[in-house]
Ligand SMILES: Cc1cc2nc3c(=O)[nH]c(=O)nc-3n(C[C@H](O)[C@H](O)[C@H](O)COP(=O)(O)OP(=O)(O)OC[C@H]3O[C@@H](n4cnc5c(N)ncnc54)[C@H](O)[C@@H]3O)c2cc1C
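Just the one chain here, laid out as structure tokens, in the form predicted alone.
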């Protein structure tokens, strides 16, 4: 029996992605608290893995501006801690390049972003088409469009490096990080562990058993596919396969676009033309890529673990990749792509469009349902979840009812 197998943790966090790693960092920051984080690292070859995370990427937009006030607040609180986390761990993940919203001046999206900017005291600059071209000569936003520019404390993060920083911070505070896949969470721990206060046993695919007083599930799209929840309980979520296009560009084009902010583009008449765009980022292969992703237009509805696994391995929708690359190059005339390829990920959407951060039983909690917004906000989400699981009850200034979990009906389909 290993040292960690023979101890009882106060908290075991299952799921070592962005939310789980952030929860482990905040839980382990409480003096005298024994915390364990369990989840597999990123595979070198996706064909060799059946469990995947949403952080296998180098670029996600981070911004204080959001049409939804709750998501805006979660992001702002997280962003305020980015630099401190970088200093503590020596891992840089935040690129403060600014953020641009492109849309119709009379559109609902632009209007809601402006309202939230005023509510949260975020200074934005409204640029006409001509002013945008003067500020960003490489960018063509189109006739009748405006750009809202937020130039402070926003841009993009590397999800890979953010997870590494969160796990490093947790480890420095005494958290045990276990690289393994959890197969089940069981309600009958060993007698010795029960005598020491354990209420749950976490069993991994390698046969390891980890005992804990409380367990937090931050397992994303895979929450309902393993024996993690009590029998018959299934979160009411929709698993959406997403496609991104990665447009490789030359170093000279990357240099020309070095002042490019992260962007969201909303066409005023065509709801399908909703895109988020990342500036040039150097990926682990040493090449520069522009990244563009979509809204609901090409979402693939997934129901089973096999469908989720196959989607992560697929490279996404080829038609979506083609169209998004064309849209990107229309916004950035003069860019000469070297190559274009797609990648796939999965978002977990809830009917409330808010997170599920809730206790399922007195000793089992969940933190899931990022709705495509969680990367930039994961540190505050993790803090919220950690405070809850440490006490076994809600302990956050935002209202509990806003984050209550909903359960699906007996059939495997969501009510969405």
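Residue numbers count along the first chain shown, from 1. Remember, it's a predicted structure, so these values are computed and weren't measured experimentally.
Below, we turn to the form predicted in complex with the named molecule, even though it does not appear here.
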{"item": "Segment assignment from 220-228, 120-128, 334-342, 142-150: heavy atom within 4.5 Å of the named molecule in the predicted bound form", "value": "220-228"}
{"item": "Candidate from 76, 242, 89, 116 lying within 4.5 Å of the named molecule in the predicted bound form - any heavy atom", "value": "242"}
{"item": "Contacting member of 96, 176, 180, 236, with respect to the named molecule in the predicted bound form [4.5 Å, heavy atom]", "value": "180"}
{"item": "Exercise: residue 384 in contact with the named molecule in the predicted bound form, heavy atom 4.5 Å", "value": "no"}
{"item": "Residue 53: touches the named molecule in the predicted bound form, heavy atom cutoff 4.5 angstroms", "value": "yes"}
{"item": "Contact flag, residue 373 vs the named molecule in the predicted bound form, heavy atom cut 4.5 Å", "value": "yes"}
{"item": "4.5 Å heavy atom contact, residue 390 and the named molecule in the predicted bound form", "value": "no"}
{"item": "Stretch 12-40: residues contacting the named molecule in the predicted bound form, 4.5 Å heavy atom cut-off", "value": "14, 15, 16, 17, 18, 19, 20, 38, 39, 40"}
